[in-house]
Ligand code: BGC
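Quick heads-up: it's one chain on its own, the form predicted alone, in structure tokens.
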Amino acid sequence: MSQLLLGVDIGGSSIKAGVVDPSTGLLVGSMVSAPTPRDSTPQNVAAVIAQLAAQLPQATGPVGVTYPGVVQWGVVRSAANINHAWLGVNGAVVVSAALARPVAFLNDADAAGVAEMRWGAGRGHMGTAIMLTFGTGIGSAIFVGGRLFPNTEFGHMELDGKEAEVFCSARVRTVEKLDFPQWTARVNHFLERMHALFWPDIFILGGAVSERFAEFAPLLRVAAGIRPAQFGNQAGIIGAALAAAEQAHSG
């Protein structure tokens, strides 16, 4: 077994953490979590991450942390579902100071995509793959030849005069009480637009709704392969730890 690493997934409502074996992509033991602070400033969130890390002492070395927004070289550029105090902050530096350990800090959907491409639904695929996570919003990650193009934010793409995630996220399905045929018709419209722009070989569909993939899969209509994500709500944690391992190796 290689060195066990800590992966942390910051969400709008909760922060999850787990220990990952980067040589297998498997979670070791159970995840731990805590509510995202109501005042979700960088310092408050970093303090919660430190509390979670203390519960998982078997993970040593660098830490991977996901963030729900655009991250460029560790610096936060957007803050849709979290305190705007994050804007312009180097998240890697803030969390590293709280943990006294090196930190890889990246977009949450990018991390989920990294996990799926390395060890999950996209493993071994060297064409163009697009990961889409359907939850409160729509996260996205695109890979070409196994390499990530970061911070795509396709959920904010305009679709019939509104943002795609306002049209067909999992939250919209719940709020508008859409059945699967109604919701999947919207998802198909989104996938068709994505396919026309990027011509991916495969779409990987994740987020909580992927647990019910069998219920809506027969209704999907797009000229590309469609695969359900394999890691569910563990994907961000696993991808974060893999990013930390890669950063440590390259550094």
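Predicted model, so just to flag it, every value in this text is computed and none were measured. Position 1 is the first residue in the sequence shown; the rest follow in order.
In what follows, reference is made to the form predicted together with the ligand, a form of this protein that is not presented.
A.B. asks: Heavy atom to heavy atom, is Ala109 within 4.5 Å of the ligand in the model of the complex?
C.D. replies: Contact check for Ala109: yes, within 4.5 Å of the ligand in the model of the complex.
A.B. asks: Would Ala80 count as touching the ligand in the model of the complex under a 4.5 Å heavy atom rule?
C.D. replies: Contact check for Ala80: yes, within 4.5 Å of the ligand in the model of the complex.
A.B. asks: Against the ligand in the model of the complex, would His156 count as a contact residue? Criterion: heavy atoms within 4.5 Å.
C.D. replies: Yes, His156 sits close enough to the ligand in the model of the complex that at least one of its heavy atoms falls within 4.5 Å.
A.B. asks: May I ask you to check whether Pro42 falls inside a 4.5 Å heavy atom distance of the ligand in the model of the complex?
C.D. replies: It does not: once the ligand is placed as it appears in the model of the complex, Pro42 has no heavy atom within 4.5 Å of it.
A.B. asks: Among the candidate residues Ala104, Ala129, Ile138, Val95, which is the single one with a non-hydrogen atom no more than 4.5 Å from the ligand in the model of the complex?
C.D. replies: It is Ile138 that has a heavy atom within 4.5 Å of the partner.
A.B. asks: Just to be sure I understand the contacts: of Val70, Ala224, Leu27, Val32, which is the one whose heavy atoms reach within 4.5 angstroms of the ligand in the model of the complex?
C.D. replies: Residue within 4.5 Å of the partner: Val70.
A.B. asks: Given that the partner is absent here, state which listed stretch (187 to 195, 62 to 70, 43 to 51, 209 to 217) has heavy atoms within 4.5 Å of the ligand in the model of the complex.
C.D. replies: Looking at the other structure, the answer is 62 to 70.
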